[in-house]
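So this first bit is one chain, no partners, the form predicted on its own, shown in structure tokens.
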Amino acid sequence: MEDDNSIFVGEKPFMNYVTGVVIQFTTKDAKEVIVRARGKFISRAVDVVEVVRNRFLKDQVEVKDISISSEEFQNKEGKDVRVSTIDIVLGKV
């Protein structure tokens, strides 16, 4: 699957991500969309998926897969940091 079907959840307003996912399925006719998040935005990604599934595209999309992992990198101070990540794959029913 191509990366332009990915929505990276971060600090933007919540509904921007919901709208992004809905547009991928409706306007761009995507078969699958990956909702991705790291760290403190993981709960927001789960909320985005639930709003899409239960309000905007009810009975049209389902969760196909959920992947969790962690990434290690150095922060601005040079300290090694490990951050949890999640990928939620939504697919058309």
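One-based numbering along the sequence shown. Treat the numbers as computed from the prediction; the structure is a model and nothing was measured.
Beyond the structure shown, there is the form predicted in complex with a further copy of the same chain, which is absent from this document and is the topic of what follows.
Here the marked residues K40, R53 and S67 all reach a further copy of the same chain in the predicted bound form, each with a heavy atom within 4.5 angstroms.
Residue contact with a further copy of the same chain in the predicted bound form: R82 places a heavy atom within 4.5 Å of it. The closest heavy atom approach of E32 to a further copy of the same chain in the predicted bound form falls outside 4.5 Å. Among heavy atoms of V49, some come within 4.5 Å of a further copy of the same chain in the predicted bound form.
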